[in-house]
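Just one chain is shown here, as structure tokens, and it is the form predicted alone.
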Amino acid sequence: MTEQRPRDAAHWARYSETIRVPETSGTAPNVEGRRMVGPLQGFGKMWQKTYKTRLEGVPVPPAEVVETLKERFPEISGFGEGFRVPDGGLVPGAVALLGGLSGVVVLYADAESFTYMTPEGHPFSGWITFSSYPDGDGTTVAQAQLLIRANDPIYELMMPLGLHKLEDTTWQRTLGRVAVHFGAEGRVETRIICVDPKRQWRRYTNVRHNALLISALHAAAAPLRWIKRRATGTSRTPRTQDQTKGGTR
């Protein structure tokens, strides 16, 4: 009996045990080799956050809204050059790096939506889906919806201290810019629901992947690595053999 491939399989990222970032040559240690994690793998309370804006008076199809958001995501989201889109674009399985600290994987993408999933060590464990659809009166709506938990106890402590506000501001600004791009007013509705108020204490060990903590420790240890290189005479850049001249360079 021949196994049938799901009709929407091309829209999903292929399964992989860990994340591979082929274009970075080891410069994304907080993403490369990490696993993708959903809300069930996180530590803190589970939140569903929905931001949407109605493109009043603008006859734009939902597919054009989503395509514009995918093509201009760094600019429209405000991340700018800090959001590195891979050469192939935001297609299923693509890995985009974020600010040198973390990144996201495109879990799903079709004409009217796409979804990012986060890696271990990211502040949030979960996914965010950007979509567009016609409302009941035919008005096109642009929407971003998150289902997330703080990934570990440190991020959970940071949630009421600014992470919640940062997340809200980021996606309200993004949808506001989508509206402005298409010439609409840009009023953004926000709905936040605590889906699960319980913390998953068994996930406290997620802190070992905390991207902020690991990056801070790596930076703090830089002088020690420099002293070690000086003491041992080793260079950060390995020497390569010049096969043409038979020497080293």
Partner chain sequence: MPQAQVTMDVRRVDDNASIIDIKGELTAFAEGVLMDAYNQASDGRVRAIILNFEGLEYMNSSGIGLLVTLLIRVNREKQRLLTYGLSEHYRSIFQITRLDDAIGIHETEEEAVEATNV
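Residue numbers count along the first chain shown, from 1. Predicted model, so just to flag it, every value in this text is computed and none were measured.
Although it is not shown, the form predicted in complex with its partner chain is what the next lines describe.
- Only one listed stretch (79 to 87, 145 to 153, 96 to 104, 170 to 178) carries heavy atoms within 4.5 Å of its partner chain in the model of the complex, and that stretch is 145 to 153.
- Within 4.5 Å of its partner chain in the model of the complex, a heavy atom is found for every one of Y15, R35 and M46.
- Contact between P134 and its partner chain in the model of the complex is found at the 4.5 Å heavy atom cutoff.
- Taking the partner from the other structure, its partner chain in the model of the complex has a heavy atom within 4.5 Å of a heavy atom of A9.
- At a distance threshold of 4.5 angstroms between non-hydrogen atoms, D196 is in contact with its partner chain in the model of the complex.
- Contact annotation: Y108 falls within 4.5 Å of its partner chain in the model of the complex, judged by heavy atom distances.
- For the stretch 77 to 91, the set of residues having any non-hydrogen atom within 4.5 angstroms of its partner chain in the model of the complex is empty.
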